[in-house]
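In structure tokens, the next block holds one chain alone, the form predicted alone.
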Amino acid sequence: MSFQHHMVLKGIDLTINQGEIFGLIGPSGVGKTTLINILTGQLLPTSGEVFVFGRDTKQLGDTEYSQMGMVFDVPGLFERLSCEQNLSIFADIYGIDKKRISHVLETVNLAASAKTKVSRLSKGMRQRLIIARAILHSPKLLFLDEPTSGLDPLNTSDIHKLILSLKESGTTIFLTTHKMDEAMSLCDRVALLSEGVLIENDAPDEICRKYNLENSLHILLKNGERVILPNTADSKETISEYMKNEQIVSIHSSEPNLEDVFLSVMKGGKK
């Protein structure tokens, strides 16, 4: 994908499986939102082919859009209307039974605030309402662009539980996030996007293991001593001796977390 001869996305080859949470991570301005806009038919690719629900995104219509839900960084809520009234407007747009509104508000833990005006909601409650609007029509594919940005840990936890429950119900979720711990805990697969190119595309644990160049074991002993041993058979006698004498507090392998991998890739590390 290019804009005025500037290549934004290069050679993207990507398949997202039904019912999985797929995470796209990368620094700001690297092309994450552009990719979402292509997948949703808001931008046409300058080369290559893109299919959603088996249909070319250049030809997406009402049938396909009725199966998509989207949460972007522009909330688009009606401040003077209540939660219930906001969802009622979109129920009319989607042509669905308004009885579903109470069920969706219950799903996002906003049932008690159904009559509350949006202007009186906290940021976390607003974000849950935006997600409620996105899932009101029971989409098969849900795009979440930074869904927990700026939220405190408690609200973030609530939204994580909601996302996982949507996955359990069979919803396919395309998630962009700057939070590596969020990608690690939620995603079945993540892709690292750097300078318009997918550097990695795998399960988070697999990516971290791939970048475990140290391949060692870090052991904390009860006397406070920290020991680093190679993660090989040569270390078994030493570890066995520690365990026999009940000296070990903890053992951790040396593979980096996803944030370490991300920083390594962005700084030009192993590719």
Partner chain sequence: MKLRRIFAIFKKQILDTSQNTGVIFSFVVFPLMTLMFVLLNSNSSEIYRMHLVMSMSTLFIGMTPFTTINGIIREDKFSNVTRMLILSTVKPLEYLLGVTLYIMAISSVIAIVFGVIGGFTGISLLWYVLAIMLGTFTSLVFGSMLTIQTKNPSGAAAVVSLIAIFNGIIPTFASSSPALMKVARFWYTTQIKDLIGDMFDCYYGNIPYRLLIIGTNLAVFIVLFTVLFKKNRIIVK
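Residue numbers count along the first chain shown, from 1. Here the structure is a predicted model, which means the values were calculated and not measured.
Omitted here: the form predicted together with its partner chain. The next part is about that form.
Each of 153, 161 and 171 near its partner chain in the predicted bound form, meaning some heavy atom within 4.5 Å? Not one of the three qualifies.
Contacting member of 167, 100, 117, 140, with respect to its partner chain in the predicted bound form [4.5 Å, heavy atom]: Only one option qualifies, and that one is 117.
Among the candidates 107, 113, 201, 88, the residue which, in the predicted bound form, approaches its partner chain to within 4.5 Å (heavy atoms): Only one option qualifies, and that one is 88.
Okay, which stretch from 173-181, 70-78, 189-197, 153-161 lines its partner chain in the predicted bound form, with non-hydrogen atoms inside 4.5 Å? Result for this chain: 70-78.
Is residue 133 part of the interface with its partner chain in the predicted bound form - any heavy atom within 4.5 Å? Contact check for residue 133: yes, within 4.5 Å of its partner chain in the predicted bound form.
Is residue 40 a contact residue for its partner chain in the predicted bound form, using a 4.5 Å heavy atom cut-off? Contact check for residue 40: yes, within 4.5 Å of its partner chain in the predicted bound form.
According to a 4.5 angstroms non-hydrogen atom cut-off, is residue 49 in contact with its partner chain in the predicted bound form? Output for residue 49 is no: heavy atoms all beyond 4.5 Å of its partner chain.
Heavy atoms within 4.5 Å of its partner chain in the predicted bound form: does residue 211 have any? No.
What residues, if any, in 90-117 have a non-hydrogen atom within 4.5 angstroms of its partner chain in the predicted bound form? The stretch 90-117, when checked against its partner chain in the predicted bound form, contributes 90, 92, 93, 94, 95, 98, 117 at the 4.5 Å heavy-atom cut-off.
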